[in-house]
Ligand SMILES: C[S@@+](CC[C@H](N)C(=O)[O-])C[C@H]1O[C@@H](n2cnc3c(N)ncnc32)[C@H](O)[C@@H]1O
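Consider the single chain below, provided in structure tokens and representing the form predicted alone.
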Amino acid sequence: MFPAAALSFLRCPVCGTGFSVADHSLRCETGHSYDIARQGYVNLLPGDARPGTADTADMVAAREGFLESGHFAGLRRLIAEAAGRAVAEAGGGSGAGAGGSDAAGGCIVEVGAGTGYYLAGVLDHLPGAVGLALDISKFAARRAARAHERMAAVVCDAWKALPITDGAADLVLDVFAPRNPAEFRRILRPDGRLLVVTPTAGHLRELVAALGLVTVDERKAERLEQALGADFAPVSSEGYEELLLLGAAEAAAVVEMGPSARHLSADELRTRLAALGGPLTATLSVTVATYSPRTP
């Protein structure tokens, strides 16, 4: 079921007006209509849009299985705690934005939300908040729609105008996902926060070296600051590392849910893993950074 509380934060991608629910669809004030899928998500991509590099069903299934195993649970807790602090710093989710939520926690938007794993953790930490899980993959949206009762799953393109009303969000969450700074600033309240989680150059370094995976640019942090600088000012940053012990199937899943899945076939991946033998260690290494929108 699509959460009714999310409606006031969404806008039509064609004309920008608000929505109401009618006959299992979202219908805007000028008559554009978008079906709510039986799995509970809504597709707000324009009719001529193409999913392009959207995660496939196999990639999403790999991500869901791996995350449910609990290997990233520590990171999820850290993100939820950081989100709670950010919302408190931004006024406690007073709902001053266009959505008008008066619940503590306000509206939390995750861009590139995937299965909704991290956003669900944030919503558990902020019991009054409404979550919007945005992803271009319908396979991800299907899973996010059932990840939390206060989460609405929306298919849209992170690189385009987001179907969110101006100033709706108390917090925008971006975990290993595309970043559209101008849109992030538009949908945030003036005193809102952006929380960005990025891999460091040492992320999964053991698997990268052993399997020949795609590496993280050592200048990633510098490039992130350059990309966000015109729209956001840094507030805080902390690193997080954890050593994971993975079986062959789990190691395969963590590879298949990331960018290396597009560069290494499943058969080749399993051949390389079989050659390594035994449980594998891998370092989860990320930076969790908080930003505030700059005044126009």
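The numbering used is simple: start at 1 and walk along the sequence shown. Just so you know, these numbers come straight off a predicted model, no measurement behind them.
This protein has a second form, the form predicted together with the named molecule, left out of what is shown; the following refers to that one.
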Fill in the blank from the handout: the named molecule in the predicted bound form has a heavy atom of only one listed residue within 4.5 Å, and of Leu207, Leu126, Ala145, Ile136 that residue is Ile136
Fill in the blank from the handout: Checking Leu246, Val42, Met257, Leu228 against the named molecule in the predicted bound form, the residue with a non-hydrogen atom inside 4.5 angstroms turns out to be Met257
Completion exercise
Testing 199 to 207, 173 to 181, 219 to 227, 80 to 88 against the named molecule in the predicted bound form with a 4.5 Å heavy atom criterion leaves exactly one stretch, namely 173 to 181
Handout entry: Contact test in the predicted bound form: Leu194 vs the named molecule, heavy atoms, 4.5 Å
Key = no
Handout entry: Non-hydrogen atom contact Val214 with the named molecule in the predicted bound form at 4.5 angstroms
Key = no
Problem - 4.5 angstroms heavy atom contact with the named molecule in the predicted bound form for Ala54 - result: yes
Problem - Partner proximity in the predicted bound form: Gly114 to the named molecule, non-hydrogen atom cutoff 4.5 Å - result: yes
